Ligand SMILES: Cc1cc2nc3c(=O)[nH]c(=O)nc-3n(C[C@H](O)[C@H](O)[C@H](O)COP(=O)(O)OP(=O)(O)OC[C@H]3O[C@@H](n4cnc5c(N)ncnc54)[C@H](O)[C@@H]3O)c2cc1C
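Okay, so here's just one chain, in structure tokens, the form predicted on its own.
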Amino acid sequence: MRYSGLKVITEGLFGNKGWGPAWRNPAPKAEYDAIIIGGGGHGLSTAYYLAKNHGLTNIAVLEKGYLGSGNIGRNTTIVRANYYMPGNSEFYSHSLKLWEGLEAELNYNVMHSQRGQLILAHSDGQRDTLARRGNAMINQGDDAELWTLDQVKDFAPYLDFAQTRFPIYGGLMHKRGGTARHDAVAWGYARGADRRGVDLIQNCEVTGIDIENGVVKGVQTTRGAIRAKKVGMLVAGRSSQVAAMAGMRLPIESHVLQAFVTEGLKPIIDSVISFGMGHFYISQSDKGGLVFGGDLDFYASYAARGNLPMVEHVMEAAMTLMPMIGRAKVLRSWGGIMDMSVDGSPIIDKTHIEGLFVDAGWNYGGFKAAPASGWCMAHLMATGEPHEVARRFRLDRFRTGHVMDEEATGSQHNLH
């Protein structure tokens, strides 16, 4: 079934009784050419691009819960390509280009809105750093504008420009940045993969990885053993646990990152605003809720919930930046399990076990990376060679010391 405006109108007039399931619900087969562990944004996009770009259709995606039940449905939906360091810069630039054609590619409305992202500067040094980042973005082929204080005032008059603790000096505007609907991204990739023959197996937890003489042979699951020539691990905050099934220890810690949403309000914030001094970011959803978040809870945990001190910290940053938010009622909060690598940059690589691949360590950048992560992981699994834009995301960089510390946002061992 292809979606169209006419179909939506027709179904609305006749009680929405003509919609069919968006994807099949097959039983697992005994053997596949490739298995993807993890039915989130990265796993589903990998399966989709394996089928579309490389013609592999005997693939299964194994998800222990329901599709999209992990971090793809637990984030603040920001899409951007404003990274500075070589390796990250070209990767996220590639991802943004994929985002810009994603709805046409999938024939699915992922609600990608390029409303722009504004990063605020609160000192001369911070403004100089943003200028340097903006130049790197432009050299990469992406957009960046260094804004003066007056430009920021004209664009976002609701910010507190009078407070003196964190004065606003200007900002860096990335107009191609914005947001997308997280659930719709998972559903769009799931539907696209299913239409190309991929089996999406829900409620199928992987409990072991079968290895013989250094070669992967398949996996053990709650629904029985499944053989496969290739296995990809794309499980975000559970990466360390799944890798341990293969006897591997990844340079990753799992932390909680909280997010919040308010009641629906009239349109007021028409972009993504990032507070440079408080690690606070905010946008407004299509439903009118203000969606915002802050920093990690700074303790290792697999619990998808946070702690009250970090709630207080985020609310303090919100009030400092825009006191008007104090009148909004917070409806709910949630936590995602973040796979924090030591250098704050991701891993897309082969492992020492033949046929076993890992895609992990997305830190704060997992949602915006979903298209390019799937594209590059699919290329790696199909060809055995890293894609050009992900060539620096090697696993052995932690052993050789060639790390990519983008913003010192990796797992910070000195803090716990």
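Predicted model only: the values in this text are computed from it and were never measured. A residue's number is simply how far along the shown sequence it sits, counting from 1.
Just so it is clear, the following notes concern the form predicted in complex with the ligand, a form of the same protein that is not shown.
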message: Counting any heavy atom within 4.5 Å as contact, can you tell me which stretch out of 323 to 331, 120 to 128, 154 to 162, 257 to 265 lines the ligand in the predicted complex?
response: 257 to 265
- prompt: Can any non-hydrogen atom of Ile37 be found within 4.5 angstroms of the ligand in the predicted complex?
  reply: yes
message: Test of understanding: in the predicted complex, would Leu62 fall inside 4.5 Å of the ligand by heavy atoms?
response: yes
- prompt: Using heavy atoms and a 4.5 Å limit, would one call Gly336 a contact residue for the ligand in the predicted complex?
  reply: yes
- prompt: Looking in the predicted complex, any heavy atom of Asp143 within 4.5 Å of the ligand?
  reply: no
query: Which one of Trp362, Trp375, Phe357, Tyr32 is close to the ligand in the predicted complex, taking close to mean a heavy atom within 4.5 Å?
result: Trp362
message: Considering non-hydrogen atoms and a 4.5 Å limit, which listed residue (Val219, Ile72, Ile282, Leu102) is close to the ligand in the predicted complex?
response: Ile72
task: Residue by residue through 207 to 238, tell me which have a non-hydrogen atom within 4.5 angstroms of the ligand in the predicted complex.
output: Leu234, Val235, Ala236, Arg238
